[in-house]
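Have a look below at one chain only, the form predicted on its own, in structure tokens format.
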């Protein structure tokens, strides 16, 4: 106990700076989550009353028996996998290109061009994409028509709606992951590459055994962040598709929002809690796998 208080006294400046942020996190982060979980165990008609009626796991049973929820969950997981792979692959490829000598002259321009969408307001960006995809007067189909190519279904076709959202979110988020890859590339130990080259290692061998292992922290961070980002996809759906067409873009977050809008608070928060558990579980799993030492 004395050692604990001695440590507390020694690090009091650290705790003094951390305390305001910890308090804000608990107040505006942890506390609302706990309240949401509590609501998921109550009857919707009484959920917002001072003394709600608790129904145990009834809301969870109803949600798990709902085929629309199960379909939206599968759709969310599929969209997340596709988005994570596409965003990280694009970001990694462009980071490697910008780090090479090929784009030295225009590197700053390309970095700004790719990162600018990250700081563009979500709604403004997605409104522009919705216009681009419009089948009647959108720029994409206008360009395809000029080239004599078939029209792109965009947001109005069930076959292309999810792809359309994926492209829009790739534009909006990939720059963030690219910056993290670039930062990791900038601090890597180049002496190891020179030593490997002197020892006769090929360019591929240097990438495979020297450079890529040093990029694992960036890969882990980006993977975890991307999983969280795309599992809770919401804004792009609200702005561009409203879950359509034929529910092909009705992900869990948006479906829960629809139920909440219908005053089905218990089921909506049950869905949100299930999604929260999946986000935490997959993120921790990805972190543990990425943080594991090679050969373990």
Partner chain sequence: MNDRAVNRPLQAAAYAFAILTSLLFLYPYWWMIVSAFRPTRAIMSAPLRPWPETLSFSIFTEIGRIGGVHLATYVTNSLVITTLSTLLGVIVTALGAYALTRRPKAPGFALIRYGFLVTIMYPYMLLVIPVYLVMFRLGLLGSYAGIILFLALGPLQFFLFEQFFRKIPPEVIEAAIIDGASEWRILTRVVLPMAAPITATVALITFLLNWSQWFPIMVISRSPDTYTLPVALLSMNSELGSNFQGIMALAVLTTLPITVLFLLAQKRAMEGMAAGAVKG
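Numbering follows the first chain given and starts at 1. We call the rigid core the largest set of C-alpha positions that still match within 1.5 Å between the two forms. Keep in mind that what you see is a predicted model, and the values were worked out from it rather than measured.
Here the subject shifts to the form predicted in complex with the partner chain, a form of this protein not shown in this document.
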query	finding
4.5 angstroms heavy atom contact with the partner chain in the predicted bound form for residue 257	yes
Distance check, residue 68 to the partner chain in the predicted bound form, heavy atom within 4.5 Å	no
In the predicted bound form, residue 32 touching the partner chain (heavy atom, 4.5 Å)	yes
Partner proximity in the predicted bound form: residue 75 to the partner chain, non-hydrogen atom cutoff 4.5 Å	no
Selected contact from 113, 212, 151, 85, since only one has a non-hydrogen atom within 4.5 angstroms of the partner chain in the predicted bound form	113
Any residue of 110 to 132 that, in the predicted bound form, places a heavy atom within 4.5 Å of the partner chain	110, 111, 112, 113, 114, 115, 116, 117, 118, 119, 120, 121, 122, 123, 124, 127, 128, 129, 130, 131, 132
Large Cα shift (2 Å or above) at residue 277 between this form and the one not shown, core-fitted	no
